[in-house]
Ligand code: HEM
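First, one chain by itself: the form predicted on its own, in C-alpha cells.
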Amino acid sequence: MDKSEFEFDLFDPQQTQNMWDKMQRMRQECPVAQPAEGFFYTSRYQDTQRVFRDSRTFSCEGGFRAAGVVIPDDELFLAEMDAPLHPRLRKLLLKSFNPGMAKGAESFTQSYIEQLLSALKSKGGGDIVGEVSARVPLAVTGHVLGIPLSDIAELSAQFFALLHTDWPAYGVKDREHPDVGRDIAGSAPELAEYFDRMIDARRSGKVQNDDLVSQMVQADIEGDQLSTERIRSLAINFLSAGLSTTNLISNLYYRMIESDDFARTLRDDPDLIPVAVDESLRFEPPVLFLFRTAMHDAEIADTAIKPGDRLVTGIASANRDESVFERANEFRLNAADPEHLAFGAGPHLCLGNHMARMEGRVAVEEFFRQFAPGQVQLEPSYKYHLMPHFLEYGPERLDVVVRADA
C-alpha cells in the first residue's frame, strides 16, 4: 500500500471538507495516516476517542494552530491548555456551563430566534446563515457573558470576517504580513478593545452584573485573579466556538429545506428533533478534527508515535466508523447510537455541548412554528458552498425565498 495517497493539506478547506471517500479508505486500509510530515490522522472511533481521553500522553499544546505558531500564555484558548491550568479554569467555568445554564437560556434563545425568523419571513427571504444561524450562538453566549443584544449584529460580522482570514491557524490576518501581530490585540483590535472595556467596567464597579464576564473578573483561582488578557481571550474563545453551533443550525436548516421528507418526519414526530440534532452532529460534524501533541512514545493501531508528533483527531471520520455506527454513511434518526465524538471526549469534552444541543433543537422548533411545510425554499440560483475554514463544516450561505402563499 502506498501511504502517500493519504496525504493532504490540513489547512486547506478544499481538501479537509471533501474527503469522505478518503476517510472511509483510511478506516479500512490505513487507520493512522500521515497527511504531512510530523502529523498523524486517527480515522477510527476507538483510536480517536483514546487520544481525546489520554491528555497526559496527547497534550493540547499547539492547539489548532499551524506548526511554529506561538500564542501568548494568557491568550490560549481552552482547547490549547493542559494541566494544571486547564482543570482549574474548567472547574470554575463548569459552574456556568452546565445543563442548568442551557435551560436558563432557552427562553431567551426561543424569543431571539423567533424575532430573526419573523424578520426573514417579513421580507420574503434572505441568507438564513448570515441572518439567523450565525447570530444565534453569539447572541445566546453573549447573553450569558453580559453583551447587550444591540451589539450582536456588529460582533457577528467582526467574528465572521476574522474567521475568514488566516487568524485561526496562524494568529494573524495575513500570512504574508505577519507583523500585524499574533496576539488578539494585533489581529483583531476592535474585538480586543470591546472586551477590554467590558472587563474594565466590571473591575471598576461601573457595571455590577451577575454575568459570566463579571464572574471571571471576581474569580479567585488558588489565590490568583484572572488577567484582563485571560478573560478577554476566554470570552472570545466562547464566542468564536459559537461558529460550530452556527454550522450545526445551518446544516439542519439546509437538510430541512432541501428535503421535504426529512422536514415532514420531524414535524410529524417532534420527539425526533433532539435525535436529529445529534445525528447532524455525528454525520456532518461542525468541527472536522482537532490537534494534539504527543508527549511520550506511544503506539496507535501499530503506528509508532514519537514525542513532538502532532495527532489529528479525525472526528469526521470517527463519527462514520462502520464498526461503531450502523449504516454509518447515512443520515439516520437512531436514538440508540453510541456517543459521537463531535464534542470530543475526556477532560476536554466541549463545555458548550448542552448549549449547542439546546440551540439546535430550538432553532428547528421555531422554524416549524414560523413556517408552513414548503414555505421556505432555496433560491433557484442558489449554489451550495461550505464555509472556507479548514476545521469547520457547514454552508457559508443559505439563500432562501419565503413564499407568501404557502
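Since we're looking at a predicted model, the values are computed, not measured. Heads up: residue numbers just count along the shown sequence, starting at 1. Here the rigid core means the biggest group of C-alpha atoms that line up within 1.5 Å when the two forms are laid on top of each other.
Same protein, other form: the form predicted in complex with protoporphyrin IX containing FE (HEM), not shown, and the subject of what follows.
K.L.:
Okay, which stretch from 324-332, 192-200, 232-240, 264-272 lines protoporphyrin IX containing FE (HEM) in the predicted bound form, with non-hydrogen atoms inside 4.5 Å?
P.N.:
Only one stretch passes the 4.5 Å heavy-atom test: 232-240.
K.L.:
In the predicted bound form, does every one of R90, M355 and E359 come within 4.5 Å of protoporphyrin IX containing FE (HEM), counting any heavy atom?
P.N.:
So, yes: the whole triplet contacts protoporphyrin IX containing FE (HEM).
K.L.:
With a 4.5 Å heavy atom cut-off, would you call A342 a contact of protoporphyrin IX containing FE (HEM) in the predicted bound form?
P.N.:
The answer is yes: A342 has a heavy atom within 4.5 Å of protoporphyrin IX containing FE (HEM).
K.L.:
Find out whether any non-hydrogen atom of L351 is located within 4.5 angstroms of protoporphyrin IX containing FE (HEM) in the predicted bound form, and reply yes or no.
P.N.:
Looking in the predicted bound form, residue contacts with protoporphyrin IX containing FE (HEM) include L351, since a heavy atom lies within 4.5 Å.
K.L.:
Taking 4.5 angstroms as the cut-off for heavy atoms, does A79 touch protoporphyrin IX containing FE (HEM) in the predicted bound form?
P.N.:
Yes.
K.L.:
Quick check on T141: any heavy atom within 4.5 Å of protoporphyrin IX containing FE (HEM) in the predicted bound form?
P.N.:
T141: contacts protoporphyrin IX containing FE (HEM) in the predicted bound form.
K.L.:
I need to confirm a contact call. Of L290, A188, M216, A298, which residue comes within 4.5 Å of protoporphyrin IX containing FE (HEM) in the predicted bound form, counting heavy atoms only?
P.N.:
Contact residue from the list: L290.
K.L.:
Scan 315-341 and note down the residues that get a heavy atom within 4.5 Å of protoporphyrin IX containing FE (HEM) in the predicted bound form; none is a fine answer too.
P.N.:
Read in sequence order, the lone residue that approaches protoporphyrin IX containing FE (HEM) (within 4.5 Å, in the predicted bound form) is I315.
K.L.:
Align both forms on the core first, then report whether S233 has a C-alpha shift of 2 Å or more between this form and the one not shown.
P.N.:
Yes, the C-alpha position differs by at least 2 Å between this form and the one not shown.
K.L.:
For L266, is the CA shift between this form and the one not shown at least 2 Å following rigid-core superposition?
P.N.:
Not so; L266 is displaced by less than 2 Å.
K.L.:
Superposing on the rigid core, does the Cα of V129 end up 2 Å or more away between this form and the one not shown?
P.N.:
Shift at V129: below 2 Å after core fit.
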